[in-house]
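Coming up is one lone chain in structure tokens, specifically the form predicted on its own.
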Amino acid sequence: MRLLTHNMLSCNIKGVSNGFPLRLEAEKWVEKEVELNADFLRGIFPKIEWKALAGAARALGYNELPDEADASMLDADDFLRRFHHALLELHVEEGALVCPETGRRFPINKGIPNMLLHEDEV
């Protein structure tokens, strides 16, 4: 699971009002090189919840993202490379996503998060 995916997921358990961001508990992750596409990064940037991305990257030991970011930073090649690496090259293979409100754990197996709800959670 890329951190791009993590940034788009939330807990949809019935009655949960604070289901984002999911806390990332990674047991295994890998880095997979992906060609940098600056236009894609500039287009996706407004849709990214920055604090969630930076927090997830830190959970994987990647501390190269600033605490805050704005669109003006997209003109700097160094920032684009760090943003690209965190968003697209860090892959969580095993672990869990945890709802910040309920503590419900959603497992990640072979890079795929299982966000299916139990019958009583729908």
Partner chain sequence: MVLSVLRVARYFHEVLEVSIHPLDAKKFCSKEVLQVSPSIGFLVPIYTYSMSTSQSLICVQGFHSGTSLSSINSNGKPESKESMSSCEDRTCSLSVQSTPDIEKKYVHRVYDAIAPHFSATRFAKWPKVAEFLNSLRPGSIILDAGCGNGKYLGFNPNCFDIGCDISPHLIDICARRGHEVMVADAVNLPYRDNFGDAAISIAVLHHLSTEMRRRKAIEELIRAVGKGGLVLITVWAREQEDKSLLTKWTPLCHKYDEEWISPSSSPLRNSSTMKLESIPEADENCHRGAKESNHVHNQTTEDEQESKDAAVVASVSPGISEDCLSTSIDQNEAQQEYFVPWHLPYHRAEISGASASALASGLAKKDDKKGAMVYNRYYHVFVEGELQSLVSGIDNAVIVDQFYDKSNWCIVLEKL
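Residue numbers count along the first chain shown, from 1. Because the structure is a prediction, the values reported are computed rather than measured.
Absent from the display: the form predicted in complex with its partner chain. The rest refers to it.
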query: Heavy atom of I112 within 4.5 Å of its partner chain in the model of the complex; finding: yes
query: In the model of the complex, L88 touching its partner chain (heavy atom, 4.5 Å); finding: yes
query: Its partner chain contact at C99 in the model of the complex, heavy atom, 4.5 Å; finding: no
query: N18 within 4.5 Å of its partner chain in the model of the complex, heavy atoms; finding: no
query: Location of its partner chain contact in the model of the complex, chosen stretch of 60-68, 76-84, 23-31, 46-54 [non-hydrogen atom, 4.5 Å]; finding: 46-54
query: Sequence-ordered residues of 1-33 touching its partner chain in the model of the complex, heavy atom within 4.5 Å; finding: M1, R2, L4, T5, N7, M8, L9, S10, N12, K14, F20
